[in-house]
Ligand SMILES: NC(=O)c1ccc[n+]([C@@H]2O[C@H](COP(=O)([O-])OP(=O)(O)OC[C@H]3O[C@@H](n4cnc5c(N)ncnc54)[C@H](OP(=O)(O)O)[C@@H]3O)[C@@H](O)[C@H]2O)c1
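Form predicted alone, single chain, as structure tokens, below.
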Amino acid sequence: MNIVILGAGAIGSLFGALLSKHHNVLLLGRKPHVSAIQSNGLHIQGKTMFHEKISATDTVKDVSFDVDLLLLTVKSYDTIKAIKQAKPSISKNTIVLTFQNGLDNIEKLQSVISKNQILAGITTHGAVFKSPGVVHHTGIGRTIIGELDGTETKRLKNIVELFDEANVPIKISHNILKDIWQKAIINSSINPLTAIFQCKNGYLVENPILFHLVSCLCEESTNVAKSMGYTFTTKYLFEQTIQVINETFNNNSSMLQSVERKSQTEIDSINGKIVTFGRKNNISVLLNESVCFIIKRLYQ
């Protein structure tokens, strides 16, 4: 299969490396990372060990083959720009699988390509950049993909087999939109707090004040999801949030990593979208509004 990883950051590079063992993979990423890969190969360290030459470029103009699968792993704020640039390489047979944080990526994709071409996924694998060409796989998580309408299609099963072959266990979701909301609620409760207080995930359960803020943010975000028709309970989502914190105890969240790099965060696509939906449905979103304001005031 011909696979393009659009937005070959940490997660994209990890998945690209694993898929390249059996398929033709092209990483499309930023120039420093691409240049390092072209010179010295891609290094994956930690839970996965990989050091091989792998095709990489910083421009979609270098995509010279028919793309069967486009794996989208760009930051949410780059979604429209990235998919517009890639559109000439996307045929009617190309499957676009988004693995992104946030609640607005599918909406953005549908404004550029056909909804029928889009699959969505979430992953809890942890991966961070160490340096250009070097990615550290910090934690093995779970990966879920699904059709937007919840059906179990042949193409979905084929992609599951593709990932299984690459030793990435993957499950089919029959309600991927609900799963995306669940991840967004968890991220909304963890990421901005770690970025504001510049701490590892684990500190949120060690500090009683931050632990309380996690609980309150989680409850508020869950209330918004309920108003959108999703059948979550606050108790369940809080338990899931604490589980993620404990599983990633020594990790820096993606939002904290963005702050440390002095780059744009995904706050608008996570807490910002929760604020938008909450206001629309007359649900209190004071805490989500507050963390959005602080992140933007301090870091953007």
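Note that residue numbering begins at 1 and tracks the sequence as displayed. Only a predicted model underlies this, so the values are computations on that prediction, with no experimental measurement involved.
In what follows, reference is made to the form predicted in complex with this ligand, a form of this protein that is not presented.
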Checking Leu256, Val275, Leu28, Leu70 against this ligand in the predicted complex, the residue with a non-hydrogen atom inside 4.5 angstroms turns out to be Leu28
With a 4.5 Å heavy atom cut-off to this ligand in the predicted complex, the contacting stretch among 213 to 221, 78 to 86, 173 to 181, 151 to 159 is 78 to 86
Quiz item: Could you tell me if Lys108 has a non-hydrogen atom within 4.5 Å of this ligand in the predicted complex?
Solution: no
| Does Gly146 reach this ligand in the predicted complex if we count a contact as any heavy atom within 4.5 Å? | no
Checklist entry - Could you tell me if Glu266 has a non-hydrogen atom within 4.5 Å of this ligand in the predicted complex? => result yes
> Wondering, does Ala17 line up within 4.5 Å of this ligand in the predicted complex on heavy atoms?
Replying inline: no
Residues in 164 to 181 that come within 4.5 Å of this ligand in the predicted complex by at least one heavy atom, in order, are none
